[in-house]
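First come two forms of one protein chain, each written alone as structure tokens, so that there is a structure 1 and a structure 2.
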Structure 1
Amino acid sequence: MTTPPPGLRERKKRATREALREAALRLAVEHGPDRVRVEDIAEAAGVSPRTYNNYFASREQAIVAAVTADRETRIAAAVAARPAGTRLADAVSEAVIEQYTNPGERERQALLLIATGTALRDAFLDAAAGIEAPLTVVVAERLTDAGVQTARVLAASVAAAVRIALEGWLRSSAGAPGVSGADGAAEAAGAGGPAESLGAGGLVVPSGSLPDLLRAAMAPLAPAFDAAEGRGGP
């Protein structure tokens, strides 16, 4: 029903994607992230440069994908796997933390690489937004009463919280610009006054462990989940 035979066509696609991912990561580690051209990655994967962009929309996405892989769908699956009676807020929170808790050695090396430059960092944070769509599906399943729109908002809020936690986690040696991790649009406003003072002052958890940061970031959303589930107080 799900995948009778995966189909030869599909296998080739996945193989190509994985080849590109790994080639991108390997070359980036070997020569430094800025000294790798798309042409090199494509060649290392045995494919045309043009084909590269059929798989990844930006150069950084390929590198980041080597770490991200299909984390999003696994999070959704992990949420769906929790028993039906559990508090949705807990189910989501634990599923997310569980999937972001990896002692993988290769991933740690990749993350070190990602933390070096702004471009890769942004791509990594953008990739984290990928959990929104799968999360919306599973959340909507449990919130049949509240409507799809509520599920959308809650899933997006979780994605935002994850992004914030990751931002805080990556903020170690490099000076992060400000509060928001969004693209240049914020700068266009020209306000640029008090935001820095917030970003600069490290009042909150200088650099705690990632699970703790994730838990702390998602905690404020729990009441919203409870209300959507119909749980009044406790």
Structure 2
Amino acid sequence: MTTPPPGLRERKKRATREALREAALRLAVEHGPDRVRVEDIAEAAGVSPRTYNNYFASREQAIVAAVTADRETRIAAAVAARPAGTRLADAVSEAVIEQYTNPGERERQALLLIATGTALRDAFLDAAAGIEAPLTVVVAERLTDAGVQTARVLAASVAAAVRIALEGWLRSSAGAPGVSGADGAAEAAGAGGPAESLGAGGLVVPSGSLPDLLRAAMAPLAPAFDAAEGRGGP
């Protein structure tokens, strides 16, 4: 499937969305999430508060978008890029883990902030629902005999599994002995290397558990994906 390049209007919308989420994260890092107003974010991005409301419903959504931006489309693209003979359950699991456990510096900053308040955590968890729509399209293309409804059920199940894994990650990270909420929120963002020191604040981000939590949450979905593909087993 070839996707036509976006037109000028769509490119402008993307640029505005990117400017808003970058401004939201920068201001939240500089001043703290609770001290950032929607008006501040809009002014920093060079747009009006009314325009801001066309893109995000809250400051938390904009801040979280800095770490979740386009992740759902990248997951779908990664699944589509797997060779045709690849087991679909494996392709989806690998794509999700890859996109959720390889954060850059900007994403790490956002993850540290997410642990600072319930509203940010909730917005982060809610963003997992965005996986469903683009993944439905890709899964439907792979399951030509199963139908769109089956593809949608499978994609929605993946989104739910990811949310459950993230809930467990945030809860266990924030509650780990000797680990502060902010430190714990970014723990397990890596794929298994040594602990890292982050930023001028000296925050330490140990790697580890998120990939395992994601695999465990999606493992029960594998038989359903296999059945939809007509596979007898792995």
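Between two forms, the rigid core is defined as the largest C-alpha subset superposing within 1.5 Å. Treat the numbers as computed from the prediction; the structure is a model and nothing was measured. Structure 1's sequence is the ruler for residue numbers, which start at 1.
Only structure 1 comes from the form predicted together with the DNA. With the core held fixed between structures 1 and 2, Ala219 has its Cα displaced by under 2 Å. Once the core of the two forms is superposed, the Cα of Arg14 has moved 2.4 Å between structures 1 and 2.
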